[in-house]
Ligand code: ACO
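Before any questions on binding or motion, here is one chain by itself as structure tokens, the form predicted on its own.
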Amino acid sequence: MKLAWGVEIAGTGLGIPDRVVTNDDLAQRLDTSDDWIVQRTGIRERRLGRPDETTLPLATKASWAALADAGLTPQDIDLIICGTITPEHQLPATACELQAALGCRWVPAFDIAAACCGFVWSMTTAAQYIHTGMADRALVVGAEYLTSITDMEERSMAILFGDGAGAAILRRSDDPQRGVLAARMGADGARGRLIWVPAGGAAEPATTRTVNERLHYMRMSGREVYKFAVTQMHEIIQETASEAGVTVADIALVVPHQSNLRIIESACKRAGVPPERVVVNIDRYGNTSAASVAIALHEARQAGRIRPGQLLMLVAFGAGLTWGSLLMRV
């Protein structure tokens, strides 16, 4: 659906762990190598959090940086949305804990558990709040401590994921030329178990057996997810552009979920997006799920790759299975 929401990005921020783990570091304890990992994923290193660098501290760090970038204080925020599948606690929502950590007013604060689509879905939801007048300034965060649900003894999983957070401040824009032009969100729950954590929920509460069988770690059917991601990503780029009444060639920059370099390259080639118009940082961070697009967006802004008047597209896919896109004129 073609939209016209007067919303702009006022600031962005980054919150990443200090510890860098390279492919060679992993090769010291797993049957793998730097060459093997790079060829299959494009990842060269990732950030892994220490015990004091979990989801909330990373989200808090990213939020303070975004507020500073926007020239705002926590008191200026009307809404907090956090995309995460690794909340600080099962209860309450990490967004509520973030509200307290920042010292915000008693504004709405909630999480969106859409896995790798978490930040894109959160941005779309926040933009809707602003468009309808329910908020003027929103803090949107993608934050993950994926180490907590990744089996670091399983080679196929340990090489893929990293920890981190990114944040953005959305605010109302009076400029009719700026804002959200199109957005898409979708899910196919029938394929939900292609990426899932078997235990820890109501269907399989934590027991000695679930811990011993390592059922609290993420499991993924890699080949099926790869095929889905390539197809869905290039289709959603084309469909979103069409709904906004523009062409893919009009889009100045695409910020995709950093899942796998081969997926990004293949999907963007099919969609007709040249490599120089795609943000890629998976080589330095790995797959950080909901934090992925948020981190890449911040780095693109810091590098001057996003300029006023240009068309910017955020796009992601992930567990659920879920997918989402957001096209803005910045």
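What you are looking at is a predicted structure, and each value in this text was computed from that prediction instead of being measured. All residue numbers refer to positions in the sequence shown, first residue = 1.
The following text describes the form predicted in complex with the named molecule, which does not appear among the structures shown.
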item: Heavy atom of G13 within 4.5 Å of the named molecule in the predicted bound form; value: no
item: is_contact(R44, the named molecule) in the predicted bound form, heavy atom dist at most 4.5 Å; value: no
item: Partner contact for R105 in the predicted bound form: the named molecule, 4.5 angstroms, heavy atom; value: no
item: I263: touches the named molecule in the predicted bound form, heavy atom cutoff 4.5 angstroms; value: yes
item: Sole residue of I236, A93, I195, A183 within 4.5 Å of the named molecule in the predicted bound form, by heavy atom; value: I195
item: Contacting member of L253, A135, M218, A244, with respect to the named molecule in the predicted bound form [4.5 Å, heavy atom]; value: M218
item: Location of the named molecule contact in the predicted bound form, chosen stretch of 59-67, 31-39, 293-301, 267-275 [non-hydrogen atom, 4.5 Å]; value: 31-39
item: Contacts with the named molecule in the predicted bound form - residues in 306-330 whose heavy atoms fall within 4.5 Å; value: F317, G318, A319
